[in-house]
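For reference, the chain that follows is the form predicted on its own, supplied as structure tokens.
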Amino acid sequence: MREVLRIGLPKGRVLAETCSLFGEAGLDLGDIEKPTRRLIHEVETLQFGRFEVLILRAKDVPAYVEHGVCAFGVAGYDTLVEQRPNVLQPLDLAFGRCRVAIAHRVGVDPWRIEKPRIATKFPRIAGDYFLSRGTPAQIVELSGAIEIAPLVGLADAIVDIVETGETLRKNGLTEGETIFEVSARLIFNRASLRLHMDRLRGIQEALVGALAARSGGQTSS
């Protein structure tokens, strides 16, 4: 009998999209989306064997995979860029699309301020981006509703996830530069991949096939 492997998946809206794609790839995660207080779910599949699925906060998934608690998982590219975990990122899963962008009040240009204050959940991304443009910003790390910060004078601009931009518009903010595009990524623990190469690569290839079937074309890892 093959060893039980652990999968780290993010809770919230991305979980449904993850379960849908994995199911199309032959890794049926069953009813883990149903409301429950359980955080660890046992799953058995005919094609890929047995798994334990850990439902985690999105920003915690990379740590569980990096440290080998989970053999693989799903994480947003924004989280991976911010945390820089020592994991493999073999596949863009093509859902959870959004962008990391700069936003500010109309009439405020953070690039014209000598040392702008930038509110963000992504201090490393924001600091590195402004520094790369020759502007050493003062980073104010926050969580929750980042959009409030420029409205009350805490920050000159924000760096945050933007999907439709509707929240920005409703709060009198305008979207500026996009720093990078975001989507969900498949990530592997390096040691787990060496130990379970055939099994994990099989899952990866099944996901590639499911993505190709969705797009009606060829998808490469």
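Nothing here was measured: the structure is a model prediction, and the numbers come from that model. Residue numbers here begin at 1 and follow the sequence given.
There is another form of this protein, the form predicted together with a small molecule, and it is not shown here; the text below is about that form.
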item: Among 24-32, 155-163, 62-70, 182-190, the region lying within 4.5 Å of the small molecule in the predicted bound form by heavy atom distance; value: 155-163
item: 4.5 angstroms heavy atom contact with the small molecule in the predicted bound form for Gly144; value: yes
item: 4.5 Å heavy atom contact, His104 and the small molecule in the predicted bound form; value: no
item: Contact test in the predicted bound form: Thr174 vs the small molecule, heavy atoms, 4.5 Å; value: no
item: Contact test in the predicted bound form: Thr167 vs the small molecule, heavy atoms, 4.5 Å; value: yes
